[in-house]
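Only one chain comes next, encoded as structure tokens, the form predicted alone.
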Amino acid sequence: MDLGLAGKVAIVAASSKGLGFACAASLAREGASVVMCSRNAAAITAAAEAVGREAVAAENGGSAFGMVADVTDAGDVQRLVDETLRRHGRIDILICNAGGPPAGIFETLDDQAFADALNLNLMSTLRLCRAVVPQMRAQGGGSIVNITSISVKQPIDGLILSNTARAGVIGLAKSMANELGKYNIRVNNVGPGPTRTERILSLARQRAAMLGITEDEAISRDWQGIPLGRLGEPEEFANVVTFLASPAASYVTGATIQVDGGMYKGIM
């Protein structure tokens, strides 16, 4: 299926590794020109080179460029958008992404911990969208996809910071979808369940230490209760993001789609 991404321009935030990297690679393979960012110069340079190689290897693939930017810093966000426009003259796709807040429970976390989590996940999304929407509106449309978590539908024990901040992203996105639809700007969310990324492995190591079990045992608990019986792979998640970002999903907006192997037990 041709997703119609050839010649499109995409920004993928926090894309030096994990789900962000997988999304950047998927978009580039489909023909998009992708601008990637990370706080780590060496990491984003290497990631962009890897994505660029994948794009070259793909038939009708796009391109990749990496730059240093911290999505919690409004100035860096604006630099990211300005550089994308300088290079490509338009922005068709924005993938909002940021690392997850640390683990913890309600009684052990102070105000600053919650403020930091909101800045990392909710406010970074707000700043990225605020910087990009005027350009999308001027050019007649665009697609925004927020990488959230299955926790927006089914809170995860021990991750109250993420549960709180990412739920705010859903409210923001739904309101934006309602307000911006008249400009042909679509806004959607994709919530990963347990996926084989460094964050999942790091959280498993923390749980192993707290519970006195092995890391393998902690990881195995991540897929208990998942009907497909395994962790997801970053590429499987990226495929859904790429579809939602593309013109092939032109009548989908305001949606939150989980990519979780069936872990979520609700009916809506």
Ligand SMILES: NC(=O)c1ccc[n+]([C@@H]2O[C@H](COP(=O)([O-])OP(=O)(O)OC[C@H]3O[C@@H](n4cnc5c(N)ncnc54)[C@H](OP(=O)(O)O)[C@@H]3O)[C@@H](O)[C@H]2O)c1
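Because the structure is a prediction, the values reported are computed rather than measured. Start at 1 with the first residue shown and count on from there.
The following text describes the form predicted in complex with the named molecule, which does not appear among the structures shown.
Participant: Three residues, 149, 192 and 197; all within 4.5 Å of the named molecule in the predicted bound form via heavy atoms?
Facilitator: Checked in the predicted bound form: all three residues contact the named molecule.
Participant: Taking 4.5 angstroms as the heavy atom distance cut-off, pick the stretch from 119-127, 132-140, 83-91, 173-181 that is near the named molecule in the predicted bound form.
Facilitator: It is the stretch 119-127.
Participant: With heavy atoms only and a cut-off of 4.5 Å, decide whether residue 99 touches the named molecule in the predicted bound form.
Facilitator: Result yes; residue 99 sits at the interface with the named molecule in the predicted bound form.
Participant: Considering only heavy atoms, tell me if residue 72 and the named molecule come within 4.5 Å of each other in the predicted bound form.
Facilitator: So residue 72 counts as contacting the named molecule.
Participant: Answer yes if any heavy atom of residue 40 is within 4.5 Å of a heavy atom of the named molecule in the predicted bound form; otherwise answer no.
Facilitator: Because a heavy atom of residue 40 falls inside 4.5 Å of the named molecule in the predicted bound form, the answer is yes.
Participant: With the cut-off set at 4.5 Å between non-hydrogen atoms, does residue 186 touch the named molecule in the predicted bound form?
Facilitator: The answer is no: residue 186 has no heavy atom within 4.5 Å of the named molecule.
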